[in-house]
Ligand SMILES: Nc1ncnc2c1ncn2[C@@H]1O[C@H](COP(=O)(O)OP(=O)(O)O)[C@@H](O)[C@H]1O
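So this first bit is one chain, no partners, the form predicted alone, shown in structure tokens.
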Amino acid sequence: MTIVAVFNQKGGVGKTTTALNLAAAMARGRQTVYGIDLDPQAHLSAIAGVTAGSGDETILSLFQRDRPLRELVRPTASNIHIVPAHLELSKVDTMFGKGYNVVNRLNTSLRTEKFLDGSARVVVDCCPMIGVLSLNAIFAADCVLVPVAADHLSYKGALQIEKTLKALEPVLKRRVRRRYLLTRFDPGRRVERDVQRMLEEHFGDEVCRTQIRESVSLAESPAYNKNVFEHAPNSRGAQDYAALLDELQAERFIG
């Protein structure tokens, strides 16, 4: 089992787009893939075609009454098994605090419930802020993928992510494996090449060689409740996410 958390504290960087299309690229290989939506905005759930009438039908009930994750999984046409989110997730921090048992709840469930076999892959779409939800994802993750839009504010956000992950290492008792992924990238723009250079200078080999280029298909596919492989399988966006998966597998970042 490989658990990938897709996380950035800055919005607008392609976090949900990356979580959805990385999971979709995995599902094309006929492997069992779970997408866990830990963002109260529930965009991953909605694009995948999964809606929930109440928080009890979503991952919220894992926290509220320790409901087994296997009871919350919803199948989709894209072969990604979704554990959906709900707006009520935004209350988790105030309801439960940030004790170790709370922030380790997802990790405990994923690693003990029998519905996950050894070859399963899990992609977690994180809440874009540090709190109970994102901490649950990081505690559970084998690796963290950080989408970074090719602009200077996103670069500064990546530096903050690095500080956050380093601060968690004494608690986790391990170094969190991570990769930084340039998104919405146009190599013809000087400012974006500058951001690429700064990322590579600061993070070295932890920057993905694959970039996710600007793509109309990526921008419009959510409107059709489809991932990019369903919407435009021959598009630039589909090519880039397929190349990203190949790279992460070749480097054994994803098992």
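Fair warning: this is a prediction, and the values are worked out from it, not measured in the lab. In case it trips you up, residue 1 is the first one in the sequence shown, and so on.
The same protein also has a form predicted in complex with the named molecule, omitted here; what follows describes it.
Put simply, Arg213 is close to the named molecule in the model of the complex: some heavy atom of it is within 4.5 Å. Among heavy atoms of Leu218, some come within 4.5 Å of the named molecule in the model of the complex. In the model of the complex, at least one heavy atom of Val13 sits within 4.5 Å of the named molecule.
Interface residue remark: Pro40 is not counted as part of the site for the named molecule in the model of the complex, having no heavy atom within 4.5 Å.
The stretch that touches the named molecule in the model of the complex, counting heavy atoms within 4.5 Å, is 218-226, out of 187-195, 218-226, 201-209, 65-73.
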